[in-house]
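Below, in C-alpha cells: the form predicted on its own, a single chain.
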Amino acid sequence: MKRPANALSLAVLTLLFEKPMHPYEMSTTLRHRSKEESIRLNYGSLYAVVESLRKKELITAREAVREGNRPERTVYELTAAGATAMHDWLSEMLRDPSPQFTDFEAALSLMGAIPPDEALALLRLRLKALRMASNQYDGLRAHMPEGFPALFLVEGDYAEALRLAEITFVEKLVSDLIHDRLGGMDVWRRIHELRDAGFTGEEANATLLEEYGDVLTWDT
C-alpha cells in the first residue's frame, strides 16, 4: 500500500499500536508529547485522517464511550492490515532519504527578486530567530530530569542538528553578502537598479544580456 504524504496518518497508527483511543485522546496525547513540533496537527485534519484510515480498513471502530455529559466518542483500534502498514511505512521513512521541499530552500532559489540589501536584512533576522530557537532547545534539554530517555527527545535533537547546520549556512551567506563574496552580486544589484529606473522586465533582461551575456548564457 502506498504511504500517505501526511505523517499524521502514521502518527495515528502508532498511537493505536499502543492502545485503542478516540480521536480526542489521540490529539491530546500528541500535544502532550509535543509532537505538533514535528508533525502538522490540527483537530479537523485528525478526524479526516481517522476516517480515511477507517475506509482503508487500517483501523476499525471498537466501541462508543461517553464521559459525563460529553458527546459520545468512538474508540478506534488497529487492524492487522494497519499494523503491517504502520511497520512498512515507518521502515521506509527511516530507511529512505526523500526530497524535502522547504520554504527556505524555495526562497533561496528565488532570492534574486529581492534587492541584495533587503535580502541581507531578512537573513539577519532569520539568523537571530534560529539562534533564539537553538538557545530555547538548549534550555529545554538542560531542564530534563537526569536519566530521561533519549528516545523521547530524538526528533528534537534531529531538529536541533538541522537548525545548527542552517545557522552555519546562513552565517556564511550573510558574511558573503556583507563582504561582496557571493558570485553574481553585480548582476543582482544591476537587476534592481534597472527595475528601480523604470525598466520593464523585458527591457531589464535585454540590458542584462547585453552587459553580462557571457555569464548569463551557457551551452547545455
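In this text, residue numbers run from 1 along the sequence as written. All of these numbers come straight from a predicted model, not from anything done at the bench.
The following text describes the form predicted in complex with another copy of the chain, which does not appear among the structures shown.
Contact check at 4.5 Å (heavy atoms) against another copy of the chain in the model of the complex: all three of 109, 123 and 162 pass.
Scanning 51, 36, 171, 57 against another copy of the chain in the model of the complex with a 4.5 Å heavy atom cut-off leaves one residue, 36. Among heavy atoms of residue 201, some come within 4.5 Å of another copy of the chain in the model of the complex.
The closest non-hydrogen atom of residue 17 lies within 4.5 Å of another copy of the chain in the model of the complex. Interface residue remark: residue 149 is counted as part of the site for another copy of the chain in the model of the complex, having a heavy atom within 4.5 Å. Though the partner is left out of this view, residue 61 does not reach within 4.5 Å of another copy of the chain in the model of the complex, counting heavy atoms only.
Along 95 to 112, a non-hydrogen atom within 4.5 Å of another copy of the chain in the model of the complex is carried by 95, 96, 97, 98, 100, 101, 102, 103, 104, 105, 106, 107, 108, 109, 110, 111, in order along the sequence.
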